[in-house]
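Below you will find one chain, with nothing else, as structure tokens; this is the form predicted alone, and questions on how it binds or moves follow later.
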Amino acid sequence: MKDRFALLRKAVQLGWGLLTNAHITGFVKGTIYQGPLKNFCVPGMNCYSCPGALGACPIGAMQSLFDARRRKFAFSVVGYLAALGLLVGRFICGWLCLFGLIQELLYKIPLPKLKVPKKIDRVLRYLKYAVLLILVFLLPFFWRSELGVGEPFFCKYLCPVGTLEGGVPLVLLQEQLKSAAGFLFRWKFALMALVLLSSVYIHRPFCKYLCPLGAFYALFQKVSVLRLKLDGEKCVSCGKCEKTCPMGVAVTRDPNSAECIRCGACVRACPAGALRFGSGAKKPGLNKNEKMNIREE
């Protein structure tokens, strides 16, 4: 049953990735789809410039709508993402992000895994919020180029998703781009290689430390409609949920942590059936340790 659930999630991730990158002609001709579907953003990270991409990347779309001359804010895209966050939180990260799947598959390579020390990990988790604030919001909004417009700083200088899905395929498919590829492409290729290599040893490092979209959805995690619920009456405090969690969430203390991607691993691991997905903000019952503390008092 557990394996079936894990396979189901992988199938959904892969199926969604294939569906949103179904412009096969783009991979044949080395072109980018420019049809009406590009007016819509996919929920997860997926590069606009990928030859197969049918929709736009929400982070890229957000930055492209900034107008540094009139300080026009991308309310439409921000509102769309906020609505998704309020509905499901980071569920999208766990189920609908193709780059998340790529990282997970790389992590399955049978090599020794690296455990980031808790103190360092705790600090690095805030880095994605800095990327969201500085590279996605502040710099594109306030910085003016020579033409008087903002630049997509995250997409242009950092995003490994864009390099993997857009930059590399286009350079391989278009001869003129091979000769034009300069320092910026080499810089982003090196960053992409570092993220992919890190994914072999650390579970979803981009999602944990750098992804601005995950950071944005995380802002709504504790108030979203879809929530992870802990039944304290059933919980036996075995710790299996926390040992299983690939994102290092303290499930029993904070089941709706901003770091949870709602992959369901903890739900499957719980031997007592104390965890489930649901809606609403019903307060969980007391767990075993809390009950013991009350008895002692």
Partner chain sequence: MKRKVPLAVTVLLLVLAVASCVFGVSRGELKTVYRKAATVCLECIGIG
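Residue numbers count along the first chain shown, from 1. Predicted model, so just to flag it, every value in this text is computed and none were measured.
From this point on, the text means the form predicted together with the partner chain, which you will not see here.
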Given that the partner chain is not shown alongside this chain, does K156 nevertheless sit within 4.5 Å of it in the predicted bound form, heavy atom to heavy atom? yes
Classify K208 as contacting or not contacting the partner chain in the predicted bound form by the rule of any non-hydrogen atom within 4.5 angstroms, answering yes or no. no
Contact between P212 and the partner chain in the predicted bound form at 4.5 Å, heavy atoms? no
So, in the predicted bound form, is Y107 in contact with the partner chain at a 4.5 angstroms heavy atom limit? no
Stretch in contact, per heavy atom within 4.5 angstroms of the partner chain in the predicted bound form, of 98-106, 85-93, 190-198, 114-122: 85-93
May I ask whether F40, G79 and L230 each come within 4.5 Å of the partner chain in the predicted bound form, counting any non-hydrogen atom? yes
To verify the annotation, which of these, S237, S257, S49, T244, has a non-hydrogen atom within 4.5 Å of the partner chain in the predicted bound form? S49
Taking heavy atoms and a 4.5 Å limit, what residues of 151-182 are near the partner chain in the predicted bound form? P152, C155, K156, G162, T163, G166, G167, L170, V171, L177, A180, A181
